[in-house]
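Listed next as structure tokens is one chain, alone, in the form predicted alone.
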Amino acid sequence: MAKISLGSEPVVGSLTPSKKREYRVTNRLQEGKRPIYAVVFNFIDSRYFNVFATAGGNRVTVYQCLEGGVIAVLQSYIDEDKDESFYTVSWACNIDGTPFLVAGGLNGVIRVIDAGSEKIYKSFVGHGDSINEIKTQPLKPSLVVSASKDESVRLWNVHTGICILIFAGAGGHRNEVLSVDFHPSDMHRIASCGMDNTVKIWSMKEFWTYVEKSFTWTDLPSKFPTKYVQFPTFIASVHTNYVDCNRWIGDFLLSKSVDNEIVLWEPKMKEQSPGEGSVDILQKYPVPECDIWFIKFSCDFHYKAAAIGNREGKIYVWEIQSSPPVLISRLSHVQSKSAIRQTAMSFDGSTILCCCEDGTIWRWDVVASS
């Protein structure tokens, strides 16, 4: 287990907003009565950078952000099981470029929805419990990973419907896995975190032939030789409580727990002894009233900023790559009082969306400086 190295103290950001960018509310939608747990822009396909999806209840909805704060509903998928509660949705695509939405939640079934026809392309059954997060490999967007309450992470090929790898076992998570993310440039690496308070880094390098085989497999998906990856290459104890969101920022990781802050840290691997090494905590980004679990932050396409909501309906926008961290803006609105489960920053960060426990979606747009 990687321990925090005793070096220089982490740099903590000041909560005084820099007013670097000002945002204002341009729209508010009430989607329904049930909580909305996920909102995500499509960064996979440049034709659809202004298109986003939400997940909540048994519904996945696709919208488009238009000029002047307008949000247009493009389509809606309603699951046949009215008791399903989707917790996560990710954009992916088929090998021919067809946009897919991949959603999962309470039931533990992953639905791959063809966004063109609004029909189910495939359903993946395999997880033994609910699914907390799904993420797409940006360099190969027909690969997705799912993090589950069943203590495992699974790698799927949405084109062929194959479960390629299962990250679980002797060195795996010991409680619900809450978040997972692909490394932005190293295709072999993922990071996962969860209720066992750890962040684990996994490598698929030695299993990559199975990933390639999954694209050309012609037999039944159930006959594919799915492999278990039992040992992560790195285990970090950065937090002392549930870790519910982790994202790669280059080779660094940004993660958060339930203690009112996001932490930027560097995993320092030991080549000889996998799983060990040290953690260098670089920076901390305070987020007041962010002490309940299942609140996820998001970044713009180039990871310049991160936006995170809190349980009181406020959003904090941090500049990630400056040291010390700079609070770009603190967004609050008199009618926004419900816990924000997730935010979505647009490609350039000029629009911020958030989805809330009370079934609302809020749109904030940057105010042009005069």
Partner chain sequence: MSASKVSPSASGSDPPTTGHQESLLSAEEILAVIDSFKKQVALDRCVSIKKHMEENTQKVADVTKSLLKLSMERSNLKIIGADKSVDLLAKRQKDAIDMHNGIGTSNGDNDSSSSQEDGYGSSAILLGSSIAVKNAVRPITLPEVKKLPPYTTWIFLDRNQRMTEDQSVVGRRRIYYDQTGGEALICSDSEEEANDDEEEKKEFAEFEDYILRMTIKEVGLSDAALDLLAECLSRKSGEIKARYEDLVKSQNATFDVNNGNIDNFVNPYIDKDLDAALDSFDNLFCRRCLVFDCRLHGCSQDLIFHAEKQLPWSCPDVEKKPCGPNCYRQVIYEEKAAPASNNAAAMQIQKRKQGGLSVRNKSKSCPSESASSNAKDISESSDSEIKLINDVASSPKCTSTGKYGGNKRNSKRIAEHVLVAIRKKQKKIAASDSESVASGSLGSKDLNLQATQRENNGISSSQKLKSSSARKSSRKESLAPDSDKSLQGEAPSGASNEIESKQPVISSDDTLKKEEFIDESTYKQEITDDKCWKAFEKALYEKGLLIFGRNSCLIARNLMNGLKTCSEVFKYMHHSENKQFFRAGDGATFADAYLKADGSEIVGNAARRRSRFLRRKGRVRRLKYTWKSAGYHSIRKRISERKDQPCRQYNPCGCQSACGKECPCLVNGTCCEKYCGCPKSCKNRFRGCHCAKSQCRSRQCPCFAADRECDPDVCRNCWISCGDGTLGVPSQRGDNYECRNMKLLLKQQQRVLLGRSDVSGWGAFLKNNVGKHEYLGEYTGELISHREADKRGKIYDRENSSFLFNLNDQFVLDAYRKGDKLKFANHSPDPNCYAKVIMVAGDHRVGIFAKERICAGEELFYDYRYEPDRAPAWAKKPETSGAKREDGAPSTGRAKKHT
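Predicted model, so just to flag it, every value in this text is computed and none were measured. Residue numbers count along the first chain shown, from 1.
Just so it is clear, the following notes concern the form predicted together with its partner chain, a form of the same protein that is not shown.
**Student:** Do residue 266 and its partner chain share at least one heavy atom pair within 4.5 Å in the predicted bound form?
**Tutor:** Taking the distances in the predicted bound form, the answer for residue 266 is yes, it comes within 4.5 Å of its partner chain.
**Student:** If you check in the predicted bound form, is residue 277 within 4.5 Å of its partner chain, heavy atoms only?
**Tutor:** No.
**Student:** Can you work out whether residue 151 and its partner chain are in contact in the predicted bound form, taking contact to mean some heavy atom pair no more than 4.5 Å apart?
**Tutor:** The answer is yes: residue 151 has a heavy atom within 4.5 Å of its partner chain.
**Student:** At 4.5 Å between heavy atoms, is residue 212 in contact with its partner chain in the predicted bound form?
**Tutor:** Result no; residue 212 lies far from its partner chain in the predicted bound form.
**Student:** Each of 51, 99 and 125 having a non-hydrogen atom within 4.5 Å of its partner chain in the predicted bound form: is that the case here?
**Tutor:** Contact check passed for all of 51, 99 and 125.
**Student:** Pick out the residues of 100 to 128 whose heavy atoms come within 4.5 Å of its partner chain in the predicted bound form.
**Tutor:** The stretch touches the partner through 106, 107, 109, 111, 113, 115, 116, 117, 118, 120, 123, 125, 126, 127, 128.
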